[in-house]
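This text opens with one protein chain seen in two forms, each one given by itself as structure tokens under the names structure 1 and structure 2.
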Structure 1
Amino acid sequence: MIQDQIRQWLEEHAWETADFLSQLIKAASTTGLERPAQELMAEKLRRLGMEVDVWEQGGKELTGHHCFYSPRTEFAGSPNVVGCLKGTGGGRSLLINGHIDVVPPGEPELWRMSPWSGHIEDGKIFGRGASDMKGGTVSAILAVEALQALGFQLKGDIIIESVVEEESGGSGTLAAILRGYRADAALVPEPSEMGVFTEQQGSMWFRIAVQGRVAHGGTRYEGVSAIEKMISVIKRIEELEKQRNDRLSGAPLYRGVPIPIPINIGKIEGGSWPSSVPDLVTIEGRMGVAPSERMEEAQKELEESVLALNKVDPWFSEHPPTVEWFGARWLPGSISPDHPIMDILTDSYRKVLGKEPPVKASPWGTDGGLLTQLAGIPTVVLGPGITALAHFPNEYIELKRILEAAEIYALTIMDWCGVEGGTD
């Protein structure tokens, strides 16, 4: 049986897989330092017989694009890598999109060992990026490697993307789209804990500034505290968050999720002296966007909600809060549950794990939104990593899950792309 052959090959090469992932983790690929990890990826894809494209993104076509949100405009040391395996013809193409960039490890004392150790212990590989999302990308590569080793030739093309800048807004995937990479469907092996995400929320960063009137703290009644006024803004944002999430009440893919599309305030700054009434306070945060919602609609709703405070506080009539949208953002996306790639992927899941796949909505954004909205590629998210470990200390991934995902991917690729040949 073909599936048995694939599983056996994967198990026989499990520790080679763990070693390759360990090397990727040791190549600490935080923003601006992705090149060593990308060199490993490029070499691996070349060994699979892929045509490999390596380039450093940039130029007005990218930075002037309406979907470009990176805080960077120079990308030296941060190349994209794309490998293409041409099919024999007559099959459907599949694009697998993974990002090589990882978030900083944070406080080193919170880690049991170095975040760049790539340590292997008890069937787990440890280090920053293990779950988010080098482990998932390795699963995809492993699937293609297994099919080649067993003598299968794909009819449709396979494209594997290892992009930069996903954690900062997706300019790597945007650059790949602008470079012309397209397929009949796409798979993003982000850490979904082996859940199938058919919907992905979007998100964007905002900054709100509130003015007060400075005065001496001893006569604070002569001033207006920007801190107190900002409290009103924060309460209004909390009310808006509840209103927006009430609309999703009962949505089956969000069952059990207390706040499907949160509005998070992550930074507050204001005041200059303990004995002075503060005259300026700013907050910065992240606004979640529903999969079916346009980014502009969400922006307008937050802006109008905050500006409407002038109806309850005359101060805001003459000193309206300013709302600014800045930094990174991730487009929302969705795929029809009836799309053929969904049928094939979920069937492969059943064959490998012997149960129905959990179909959910993503609690975070991915580059899948760009692939869906900008490139027009039906995109689904399924990966072996653990969501709760992404961006956390002592991040790890289980080797067993990498192999399970690779088996699911291999069966999906065979069915979607079509195959010729194979072992007896």
Structure 2
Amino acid sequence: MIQDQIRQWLEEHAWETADFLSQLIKAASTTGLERPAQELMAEKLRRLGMEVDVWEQGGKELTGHHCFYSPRTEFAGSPNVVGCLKGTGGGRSLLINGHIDVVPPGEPELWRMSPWSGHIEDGKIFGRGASDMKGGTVSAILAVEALQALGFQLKGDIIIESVVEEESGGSGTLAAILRGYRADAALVPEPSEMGVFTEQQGSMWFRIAVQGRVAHGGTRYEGVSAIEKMISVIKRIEELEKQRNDRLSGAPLYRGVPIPIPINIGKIEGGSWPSSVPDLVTIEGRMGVAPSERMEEAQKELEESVLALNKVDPWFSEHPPTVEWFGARWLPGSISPDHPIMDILTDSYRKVLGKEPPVKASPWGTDGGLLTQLAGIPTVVLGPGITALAHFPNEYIELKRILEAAEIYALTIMDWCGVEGGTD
């Protein structure tokens, strides 16, 4: 039976897989430093017989695009890698989109080992990016490798993208779309913990600045603390988050999710001297956007909410907080549960894991939003990484999940793209 062949091949190549992922983790591909990891990727895809495209994105078409969001406009040292495997013809094409960039590891002392160890132990591979999402991309590559090794010839094309900048707003995937990469459906192996995400939360970054009035700390009553004023803003954002999420209560995909669309405050900074009253504090954060919501509506709601603080504190009338939308942005995405690839994926899942897949809404944006909304490619998210470890210290992934995902992908690819001499 074909599935048994695939599974056996995957199991026989488990250690090689773990080792390849370990190398990718060791390559420490934080923003701006993606090249070494991408060279490993390109080499791997070439060995699968793929036509490999490696390029550093840039230019006005990209940076002037209305979907371009990034803290930077120069991408030297940060190439994208796309591998294409031409089908024999007559089949449906599939695009698999993974990102190579990883978020910073955070406080080093919270890690038991180096975030870049790539340590393998007890069937787990450790390090920043293991779950989010090098492990998922490795699963996809492994699926194609298994089909090739077992001699299956696909009718439709397979495109594997290893892009930069997902964590900063998706400009890598945008660049790949602008370069012309399209397919009949797309799969994003982000860390869904083997759940099928048909809807993806959009999100965008904001920066809010609040003014105070400086004074000597010994007569602090003569100044106005921007820290105290910022606390009012933070409390107001907490209230808004509650209002926005109350609206989603009852939505079936969000059952049991404490905060479906959170507003996260990720950074705070202000003041310049312990003995001075701080005159400026800024926060930076991420606003979740519901799949049904427009980005602009959500922006307006946050802006109006914060500006309305002047009704409770006259200070804000003369010194209104400034709200800026900067850096990253991920469009929300969704796919119809009735789309043909959903049937195939669900069926493959059942065959591999012997149960119905949990269908959910993702708690984060992915590049699937761009693929859906800009490129018009129906996109579904399913990946082996552990959701709760993404952006966490001591991130890891289980090798068993990587192999399971690869098996699901291999069966899905065969059914979706079609196989020469196959039964359909």
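Residue positions are counted from 1 along structure 1's sequence. Keep in mind that this is a model prediction, so the values were computed, not measured. We call the rigid core whatever largest set of C-alpha positions still superposes within 1.5 Å between the two forms.
Of structures 1 and 2, the form predicted together with a further copy of the same chain: Number 2 is right.
Indicate whether H216 shows a C-alpha shift of 2 Å or more between the two structures, with the rigid core used for the fit. It does, since the H216 C-alpha is displaced 2 Å or more between the two structures after the core fit.
Aligning on the rigid core, do we see the C-alpha of F316 shift 2 angstroms or more between the two structures? Comparing forms between the two structures, the F316 CA shifts at least 2 Å.
Do you see a C-alpha shift of 2 Å or more at H119 between the two structures, with the core held fixed? No; that C-alpha moves by less than 2 Å between the two structures.
Core overlaid, K300 C-alpha shift between the two structures, how many Å? Spelling it out: core superposed, C-alpha of K300 shifted, distance 2.7 Å.
Once the two forms are fitted on their rigid core, how many angstrom does the CA of S275 move between the two structures? For S275, the C-alpha ends up 8.6 Å from its position in the other form.
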